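Before any questions on how it binds or moves, here is one chain, the form predicted on its own, in structure tokens.
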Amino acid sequence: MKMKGYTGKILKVDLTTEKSHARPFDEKHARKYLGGQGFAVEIVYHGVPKGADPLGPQNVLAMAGGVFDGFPVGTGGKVAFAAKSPATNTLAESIMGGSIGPELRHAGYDALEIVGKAESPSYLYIENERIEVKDAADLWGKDTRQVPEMLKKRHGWDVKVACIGVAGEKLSKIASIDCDDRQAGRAGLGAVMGSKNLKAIVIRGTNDLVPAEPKKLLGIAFRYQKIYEAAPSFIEDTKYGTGEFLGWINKEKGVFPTRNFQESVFAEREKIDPYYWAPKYVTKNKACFACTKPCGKLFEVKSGKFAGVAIDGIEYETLYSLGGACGNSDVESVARANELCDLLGMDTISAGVTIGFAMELMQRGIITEKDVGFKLTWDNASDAVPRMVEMMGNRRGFGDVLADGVKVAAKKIGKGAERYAVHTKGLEPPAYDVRGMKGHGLAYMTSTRGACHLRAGFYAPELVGKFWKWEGIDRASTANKGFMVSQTENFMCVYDSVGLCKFSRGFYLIAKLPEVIEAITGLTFTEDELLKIGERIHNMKGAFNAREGVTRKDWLLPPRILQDPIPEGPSKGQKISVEEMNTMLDDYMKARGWTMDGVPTPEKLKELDID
């Protein structure tokens, strides 16, 4: 009997042979991996050979919509991409809110597996059972707005398009994948598409998705929407976007990384705070596909040197990376740099942190104006940041040195540059100075894809002092952080498998998910069973990484976090010592049941039924 809520098929496309086939999966597979990230991780875990070049044809690019994709569940439209990352050499996933995930399910597939390499620039066209690899010569070199426009003119305005920009074509290790002005930004998965000569994925799906209990699902949707709208955060998020707490992070907590983590309070923060710019520049709200809690903004600049800029943003992480991290207090410049990242297809976090790193190198005389070609300095940030983004995306001049992120750039530059490169596993960190948030610092290390705020989401518990099962969480303490981070990682794996936005985790704790899943699929789960699935997914990523030689020695925090205390502000004097780092890592390994080197044991893998 066909499962409800699932299509029951995974589509595999070989770009080398241009052949495809759909393989069925059963209820056992759904119960084991759930969907979304779980399906994508399973495909990469079993599909990528040991030692495969992340930019070679043996790498696998997986895409899967969450269980909630295509159904009326508020904020439940996320899609997961996964592959072996060229930036970190790990199994990395990146989640976006575009329409491509639900459309894939309407086409009849819960997941897509792409292998091989096309002989020349191509795009993949999927219309239900019709699967074609098409010529993309005319799309090569085009940006992420031009590509969907050209493809929609060709195939109809109802097709959904995910694509890469020029940065992905040029194999930048910080390249992203774009759909509907939303990005799967982290860990360089856009370069994986580029390495396969795959410019875009185009999907039209015309099949119905049938939930197990339509009336019950609709009742849940209305009930949760009322809960959203009654929450104070709903009002703040929809008025000011994800950056609404930027001022609080600076003034009250003092953990907003500034000028490449040299400071943790951005004195000019009011100039990039959405409470200032939203009334002046935002012309309407925007939302991820099918989201009923729109935190996106259409930001438009109508005059001045950046006139014509129009972006979906500016999100909190980008206000940090292209703003505070670069000492850039010109919000119009931040918007322009954000737009260039989106058009060229580069992750804004990695791009901004890498530019801030280079600006500190110029501050210290390690690189010069002659090396770069212009003043890449804090006092010239308004002009320098967008200019450098454009050079990085096109690999022009000194931009080529920075185009693969801080780890690669530091190695190329030498002369002691590595002392100022802030990353873990090769991935640039998001907008939280973990010297004042020790558990979140642990989460940067244990994140399987490198420094990340979303794999555990532990910034929120430490900033507000409570979450889920815990009260009185002290951000300056290392106590019990190993256990708590391991639990929140499992929590987030479940979230990324059902396709929920993490901004809903204050509404949808795991205990509330079984009734939604049952209404869609007819499958029953307990909270513990869902968390066991999350644990399985995280262990698969950990086992993959260990197989590739990425173990504890590669997880460690950079010198800036371990050696330089926060100089000023509410968190003045805080850092994570080497002893504290190792204590938290030891606690984490014990909580996970892994070896002290960060390797899942055979017993743990057997317990979780991982082969």
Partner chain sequence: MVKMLVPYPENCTGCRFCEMACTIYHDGKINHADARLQVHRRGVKVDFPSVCTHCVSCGEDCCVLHCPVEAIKKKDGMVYVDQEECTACGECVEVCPFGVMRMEEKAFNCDLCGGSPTCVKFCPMKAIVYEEPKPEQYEKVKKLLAVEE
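Numbering follows the first chain given and starts at 1. Predicted model only: the values in this text are computed from it and were never measured.
Omitted from view is the form predicted together with its partner chain, to which the following refers.
The partner is absent here; in the model of the complex, the one residue of Arg387, Lys160, Arg449, Lys173 having a heavy atom within 4.5 Å of its partner chain is Lys160.
In summary, among the residues Phe222, Phe374, Phe483, Trp468, the only one with a non-hydrogen atom within 4.5 Å of its partner chain in the model of the complex is Phe222. Pro72 belongs to the set of residues with a heavy atom inside 4.5 Å of its partner chain in the model of the complex. Its partner chain is not shown here, but in the model of the complex it comes within 4.5 Å of a heavy atom of His106. Although the partner is absent here, Gly304 lies well away from its partner chain in the model of the complex, with no heavy atom inside 4.5 Å. Taking the partner from the other structure, its partner chain in the model of the complex has no heavy atom within 4.5 Å of any heavy atom of Arg130. Every residue in the set Leu209, Thr292 and Leu298 has a non-hydrogen atom no more than 4.5 Å from its partner chain in the model of the complex.
With the partner omitted here, the stretch from 329-337, 278-286, 457-465, 262-270 that lies within 4.5 Å of its partner chain by heavy atoms in the model of the complex is 278-286.
For the partner-free chain shown, Pro211, Pro214, Leu217, Leu218, Ala221, Phe222, Gln225, Phe234, Thr238 of 211-238 come within 4.5 angstroms of its partner chain in the model of the complex, judged by any non-hydrogen atom.
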